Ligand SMILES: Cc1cc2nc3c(=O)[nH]c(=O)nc-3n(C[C@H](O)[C@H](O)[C@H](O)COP(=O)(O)O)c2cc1C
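Have a look below at one chain only, the form predicted alone, in structure tokens format.
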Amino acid sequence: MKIVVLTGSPHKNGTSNTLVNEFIRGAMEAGHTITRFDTPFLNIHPCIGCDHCGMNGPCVFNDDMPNILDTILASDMIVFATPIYYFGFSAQIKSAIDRFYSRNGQIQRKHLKSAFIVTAWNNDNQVMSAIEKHIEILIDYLNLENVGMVLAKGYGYTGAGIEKHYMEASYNLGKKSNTVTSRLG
């Protein structure tokens, strides 16, 4: 499979990127091709809702999103990875997701596989509730086939005692991403 990974952490060696690296390692060992876009380090203008694209055309902004969207449409799977700073996707990856608007119909017809890797400092039951709902709606709206997610609660810094557990789960998700539906968190 061709897999696109979108990351949302501005911390290159942070928790969500650590788990993404494990996912990629597993996916590559399984023979998949990976293209990674680290959204915090790209030129991605937020959607302004002007509807110039008509949900199926070019955006008014000339930035990195057309390349990202073309790559997604040429792929079989998309992986979203984000830390939680304030009960949802990070602002950086959310800007990229909002720009999917310009290709909604094409993405919906593609019926991509998807996976989600989310990290949060807190380990209470509420910390993941908002993003889980957002993920559920995103999967439904974009007609994605969710093959799994790692919801890493209580994992706010690399080297945390629980890190190995989540790293193994992310690796296994990558290794079996075309067949397994799983959830850890």
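Just count from 1 along the sequence shown to find any residue number. What you see is a predicted model, and the numbers here were worked out from it, not measured in a lab.
One more form of this protein, predicted in complex with the named molecule, exists but is not displayed; see below.
In the predicted bound form, the named molecule stays beyond 4.5 Å of every heavy atom belonging to I34. The named molecule in the predicted bound form comes within 4.5 Å of no heavy atom belonging to R25.
In the predicted bound form, the named molecule lies farther than 4.5 Å from every heavy atom of S177. Contact annotation for A120: at least one heavy atom lies within 4.5 Å of the named molecule in the predicted bound form. Heavy atoms within 4.5 Å of the named molecule in the predicted bound form are found in one stretch of 131 to 139, 47 to 55, 34 to 42, 152 to 160, which is 152 to 160.
Taking the named molecule as positioned in the predicted bound form, the residues of 1 to 36 that bring a heavy atom within 4.5 Å of it are, in sequence order, S9, H11, G14, T15, S16, N17. Wider separation of the C-alpha atoms of N122 and A160, by 3 angstroms or more, is seen in the predicted bound form than in the present form. In the predicted bound form, the separation between the C-alpha atoms of T7 and G159 shrinks by 3 Å or more relative to the displayed form.
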